[in-house]
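Below sits a lone chain in structure tokens, taken as the form predicted alone.
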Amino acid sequence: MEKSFRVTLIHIDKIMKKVFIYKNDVPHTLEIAAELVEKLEAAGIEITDKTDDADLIINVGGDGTFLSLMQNHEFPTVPVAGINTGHLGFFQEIAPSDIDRLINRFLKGELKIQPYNIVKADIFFKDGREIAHRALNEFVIKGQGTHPIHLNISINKSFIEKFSGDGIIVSTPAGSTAYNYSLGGALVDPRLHLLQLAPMAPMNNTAYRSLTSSILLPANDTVIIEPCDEQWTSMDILYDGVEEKYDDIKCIELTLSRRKINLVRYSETTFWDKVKTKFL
């Protein structure tokens, strides 16, 4: 009994921490990732190949790589730190030169975490099928190819408008700085819990009337998008760089998902500091 007790009694500080690394295949990224692995192992940190087995996920690359990580690993709730080897670096705020400091803070349990909302799209088809997708930035719903589209837009089952134009984009606060911003949508601090609906090239003339500005919706609201008639049931749906083509769509319901990701915030830089340095 004495021997068994000594084997099972392990001090929590001696449990090896685990890190999952995700990266793109750009040569500079691969060099930084190799340096990261070397330093993690030297600090006694194990490299794991499973996100749900990790204490921390480190993404090496740009914002596109970060979005790829989310999609390919189903939006893990394990804290994610982004080492930026790309260009804009809105999600990826850690410089390669700060790897040592990241490891030190991780070992000391001093990482600061900020939750980010995810938007979910439930797609219902006329034959009774259902498909669900999630996105960190946005969903873009448009006609296939270069064709405009006519859609009925409702909020919480209350009809709002018949939209005519290139399409509709529904974004999270994180996505407000992406495609939404280029369409003239509002920039939204990610600490707010809401959805933004923005029109893409809306038609507004004597034949068609569409809202020409974005709409901000509370966290619990549901955006319902339906084709106006049989002619518009085929749509292109894009989310975080992924494109899908669907036919015979009955309706699409978009909501904030209950699932959130946890992003490591490395500096005291605020969202608006980032907006100033990245866009102005």
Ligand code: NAP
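Computed from a predicted structure; not experimentally measured. Residue numbers here begin at 1 and follow the sequence given.
Keep in mind that the form predicted together with this ligand is missing from the display, and what follows is about it.
Visitor: Look at the stretches 177-185, 124-132, 102-110, 191-199 and give the one with heavy atoms within 4.5 Å of this ligand in the predicted bound form.
Guide: It is 177-185 that comes within 4.5 Å of the partner.
Visitor: Is Phe91 one of the residues lying within 4.5 Å of this ligand in the predicted bound form, judged by heavy atom distances?
Guide: Because a heavy atom of Phe91 falls inside 4.5 Å of this ligand in the predicted bound form, the answer is yes.
Visitor: With the partner left out of view, is Lys162 within 4.5 angstroms of this ligand in the predicted bound form by any non-hydrogen atom?
Guide: Lys162: no contact with this ligand in the predicted bound form.
Visitor: Could you tell me if His87 has a non-hydrogen atom within 4.5 Å of this ligand in the predicted bound form?
Guide: Yes, contact at 4.5 Å.
Visitor: With the cut-off set at 4.5 Å between non-hydrogen atoms, does Met235 touch this ligand in the predicted bound form?
Guide: Answer no; every heavy atom of Met235 is more than 4.5 Å from this ligand in the predicted bound form.
Visitor: By the heavy atom within 4.5 Å rule, which residue out of Asp63, Asp55, Asp221, Glu253 makes contact with this ligand in the predicted bound form?
Guide: The residue from Asp63, Asp55, Asp221, Glu253 that makes the contact is Asp63.
Visitor: Identify, from the list Ile249, Leu67, Leu217, Ile32, the residue with a heavy atom within 4.5 Å of this ligand in the predicted bound form.
Guide: Looking at the other structure, the residue within range turns out to be Leu67.
Visitor: Along 135-149, which positions have a non-hydrogen atom within 4.5 Å of this ligand in the predicted bound form?
Guide: Heavy-atom contacts within 4.5 Å come from Asn137, Glu138.
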